[in-house]
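Okay, so here's just one chain, in structure tokens, the form predicted alone.
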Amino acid sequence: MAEDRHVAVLVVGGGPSGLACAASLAGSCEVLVVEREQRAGGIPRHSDHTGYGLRDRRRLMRGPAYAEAWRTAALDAGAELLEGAMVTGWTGDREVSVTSPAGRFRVGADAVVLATGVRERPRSARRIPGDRPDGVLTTGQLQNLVHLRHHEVGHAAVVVGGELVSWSAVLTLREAGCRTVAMVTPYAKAEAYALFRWAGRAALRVPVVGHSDVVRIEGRVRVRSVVVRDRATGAETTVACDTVVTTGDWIPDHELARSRGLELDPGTRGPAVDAALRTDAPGVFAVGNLLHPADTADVAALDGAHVVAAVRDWLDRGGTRRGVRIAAEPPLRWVSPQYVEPGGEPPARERLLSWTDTLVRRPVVEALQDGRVVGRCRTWWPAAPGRVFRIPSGILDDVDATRGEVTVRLRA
């Protein structure tokens, strides 16, 4: 029977952000990482294709190698990994209940870092009607079946969504010998970066059906077809397939944050944090895609490294800092972090992160406080739906700590 214990830092979640945090902290204090999967590494462990590690590890890696590199880094630094175990609830301000093969026990900590990541919304959450046959998967389920269990999945697939992860699903389907007959997106074109769209359409020959939705799945035992509806005309087309993969449309794994009573942002549905990634609960921090669905694995890992300074500050001195609230104006759906301390440390990579529902090719971003523009910049990259929009945090340099909420907005 496992015994209750206390550690300096408890990291909940063993994906890239949690492992990067543990690898940076473990040399100076006792760090325990609790991961519900049988092996830490997060989503990249299931994604056996290249494209990982450029920002954080300075080289391109395949997903499993990237996941293993961060797992090894955390272990080499002295962190303890408790794999195949799950944090099931809070028993105190910084104490949790853990269920593991050895039994249930409690872990108390001086600081808790939540790194629980995101999940894709399945068919039921997207309210796609029709029959209930086999062959309907999320990207995570698909990758688990193909890369970890080496199962066959079908012969002809329709991918719902056009985000970066959607092309990851296409690659996994290809490895399993399954052809992607259509990628369906509500936007004019696939939302992933142009480089991935061009490569995907040229090399993988995937037809992208834009301004459209999958409105029905047909098939009594196995998927037989889907019905695709054009958003502009209402015309419906039946596409024959035996597999449907729902991709993207992320939601944070925020159950622990909610049960702890943390302030959640209504746009991200993750914890609201300041630039140092502190939540409103003293000694509780949040990192990675739990905060803003969903960014790339390497950016999530950089979040894990960024939070280390604030965790050490808390362990040394205690106290909390929040700052001025930041809000987003449509077409921006959300902005993260949600608080900024004027004159304080900038957010990770000196970027605010946001999400837009409208394409703006050469956006001007403005920060307003009490109706007055206090910062403005033009970015040379577009604000595009389906991927994180990065805003230089310098637009907040002139925010006044004694005044009201800051609103971030887009101008063409």
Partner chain sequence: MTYDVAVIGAGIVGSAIARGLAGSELSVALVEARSDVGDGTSKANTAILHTGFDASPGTLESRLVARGYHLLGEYAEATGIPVERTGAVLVAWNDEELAVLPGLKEKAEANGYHACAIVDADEVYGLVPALAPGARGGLRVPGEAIICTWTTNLALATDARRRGAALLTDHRVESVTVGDGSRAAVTEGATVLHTTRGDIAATWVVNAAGLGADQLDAAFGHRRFTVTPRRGELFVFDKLARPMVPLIVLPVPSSRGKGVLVSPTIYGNVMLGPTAEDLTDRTATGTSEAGFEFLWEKGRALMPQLLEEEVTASYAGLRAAIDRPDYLVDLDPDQRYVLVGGIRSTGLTSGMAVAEHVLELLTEAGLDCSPRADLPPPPRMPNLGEAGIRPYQDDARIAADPAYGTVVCFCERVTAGEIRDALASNLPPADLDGLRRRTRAMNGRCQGFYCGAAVTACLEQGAVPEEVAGRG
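What you see is a predicted model, and the numbers here were worked out from it, not measured in a lab. Positions refer to the first chain, counted from 1.
In what follows, reference is made to the form predicted together with the partner chain, a form of this protein that is not presented.
Engineer: Among 136-144, 305-313, 237-245, 175-183, which stretch sits within 4.5 Å of the partner chain in the predicted bound form, heavy atoms only?
Structural biologist: The contacting stretch here is 136-144.
Engineer: So which of 163, 274, 253, 265 reaches within 4.5 angstroms of the partner chain in the predicted bound form, heavy atom to heavy atom?
Structural biologist: None of the others qualify; the residue that does is 253.
Engineer: Give me the residue from 108, 78, 342, 122 that has a heavy atom within 4.5 Å of the partner chain in the predicted bound form.
Structural biologist: Of the candidates 108, 78, 342, 122, 122 is the one lying within 4.5 Å of the partner chain in the predicted bound form.
Engineer: How about residue 83: is it within 4.5 Å of the partner chain in the predicted bound form, going by heavy atoms?
Structural biologist: Yes, residue 83 sits close enough to the partner chain in the predicted bound form that at least one of its heavy atoms falls within 4.5 Å.
Engineer: Does at least one non-hydrogen atom of residue 36 fall within 4.5 angstroms of the partner chain in the predicted bound form?
Structural biologist: Flag for residue 36 set to yes.
Engineer: Would residue 92 count as touching the partner chain in the predicted bound form under a 4.5 Å heavy atom rule?
Structural biologist: The answer is no: residue 92 has no heavy atom within 4.5 Å of the partner chain.
Engineer: Taking the partner chain as it sits in the predicted bound form, is residue 104 in contact with it (heavy atom to heavy atom, 4.5 Å or less)?
Structural biologist: Heavy-atom contact with the partner chain at 4.5 Å: present for residue 104.
Engineer: Flag this candidate site as yes only if 43, 127 and 132 all have a heavy atom within 4.5 Å of the partner chain in the predicted bound form; otherwise mark no.
Structural biologist: Contact check passed for all of 43, 127 and 132.
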